[in-house]
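First come two forms of one protein chain, each written alone as structure tokens, so that there is a structure 1 and a structure 2.
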Structure 1
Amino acid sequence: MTERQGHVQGLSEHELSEIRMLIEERTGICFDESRERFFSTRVLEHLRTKEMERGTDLLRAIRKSNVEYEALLERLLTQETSFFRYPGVYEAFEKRVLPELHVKKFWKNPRTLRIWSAGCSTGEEPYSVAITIADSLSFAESWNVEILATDVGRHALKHAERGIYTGRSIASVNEKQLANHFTPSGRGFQVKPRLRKMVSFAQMNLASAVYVGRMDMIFCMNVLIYFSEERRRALVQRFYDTLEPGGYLFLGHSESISKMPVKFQAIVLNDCILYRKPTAEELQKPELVTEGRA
């Protein structure tokens, strides 16, 4: 019997659907048919952990208590990540974006770079951004670099704040980066204070419009894929409004905004697409710029 056909041991189709709708309404995360089994298995696991017998008990609990709601949400989040997850993105960031922003902002006072890692999971993404900046931005020490890293998952953020990584998560960090930016800690490696200070972590739900100030770059990789088309559009528009003219949006490899009505320039570099917010003068020119290699 499939989940859609009726009961999943203690959970009726109706209860599952109510839970699914509540999660989607509050977070934007959509559990469509392809993620149906994942969803019902995780909800059932949660029901058992909580020693509840019926789905109605769980529904009542998550409606009444934010703590109960967040406990279930934590179980439903997909938080897979790693350092330098897409090497092509970091190469484009280092070779194309940072030099361009350096020219644009070096003589500004204060000399600030503001970056948002939206959906940062356990922190590998914002720390990879910090490492790239520390290693390749000219006169990196003279810049005021602020990386805001946000996620809806509190457990992931706690991990990120500790900054200790092992195994596969850190496999793409090279020897030099490991020596420069980490100290051995137990069986893993902890980010050094200099890197840690570049990043501020905060719990934030992307389904609620929270003002974060103007950003030069936004990394929102592998988050939009979990949202409905409508939420995706709204969020991409919000990212556009948040970016400085000339600022960049980085999305995951399978995330495209080609059908959305925002006026980003799509720049193709190696195996990735960067989205650049045009300046006022550039908006007079053709919208879509497709370029060659980095």
Structure 2
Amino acid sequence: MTERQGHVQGLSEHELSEIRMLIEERTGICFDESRERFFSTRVLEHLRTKEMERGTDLLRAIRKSNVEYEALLERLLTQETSFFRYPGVYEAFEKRVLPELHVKKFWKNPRTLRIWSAGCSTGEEPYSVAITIADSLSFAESWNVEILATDVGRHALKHAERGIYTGRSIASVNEKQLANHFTPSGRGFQVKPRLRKMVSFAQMNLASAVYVGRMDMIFCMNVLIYFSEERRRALVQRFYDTLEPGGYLFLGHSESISKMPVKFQAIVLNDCILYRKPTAEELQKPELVTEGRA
């Protein structure tokens, strides 16, 4: 235990604060008081993994090397995730959003569907979106489906591009989906090329305003919680501007934008809230619908 205690003593409050400030400065990600314990524990784990003695060594390393900085950031941000993590969201996506977009876009040429998974981690979310489209959109093969999946973590994106998953991660994938969309690979299952072609992975820091084109849907689940209130507002406004009129934003269960000045229409479906960007005609109406039924 003495070695472990030495490591704890080697990480001062001031050093933790410096690391926290450096991360916020570079990425806009803010580890506030509510995640104080989580933050210090993860930084400490990282210090041990790197076999460094003191917080000053880590600070020096992340200031000097982008690789070291990204490695620490990934340890702090990569959460354990899984396919179809929020069933209510995918149900709303399948039963409400896809049929609506099908009607709206079926006669367009080319017939394109563009979706952004912002903060895709190890890839389960964008692939879950792709499976839902492949299984439930009428004439799915006649659509040009483009899913942009972005994350700040390089290591997580490599995992996502390989598309190999095991254990709890794929526990919610049913047998039919497993047979249709995966091939056995070692101890796990690999996403089939047909599905992988629908998804493009790219490293992106959401705090930097990178142009991604117009989107029909944006999934940003449990990502806003990492940003300060000011950054959150800016990001939600950016999502609003990026969406096509009639497009949808999906957020995590604990995230709300009700107090923000954006003009999203909040639609309640069972245990899920969808945020829809009104069309120009709808914005002329005095009242926006706030309730919906499945």
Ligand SMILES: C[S@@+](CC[C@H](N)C(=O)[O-])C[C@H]1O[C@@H](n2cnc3c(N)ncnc32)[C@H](O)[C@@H]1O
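The shown structure was predicted, so the numbers you read here are calculated from the model rather than taken from an experiment. Heads up, when I say rigid core I mean the largest set of C-alphas that superpose within 1.5 Å between the two forms. Start at 1 and count along the sequence of structure 1; that gives the residue numbers used here.
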Exercise for the section: Only one of the two shown forms is the form predicted in complex with the named molecule, so please name it by number. Expected result: 1
Problem - residue 172 C-alpha shift between structure 1 and structure 2 of 2 Å or more, rigid core reference - result: no
Practice task
Align both forms on the core first, then report whether residue 45 has a C-alpha shift of 2 Å or more between structure 1 and structure 2.
Solution key: yes
Completion exercise
Domain rotation angle of the smaller rigid part between structure 1 and structure 2, rounded to whole degrees, is 12
Completion exercise
Expressed in angstrom, the C-alpha movement of residue 80 between structure 1 and structure 2 on a rigid core superposition is 2.5
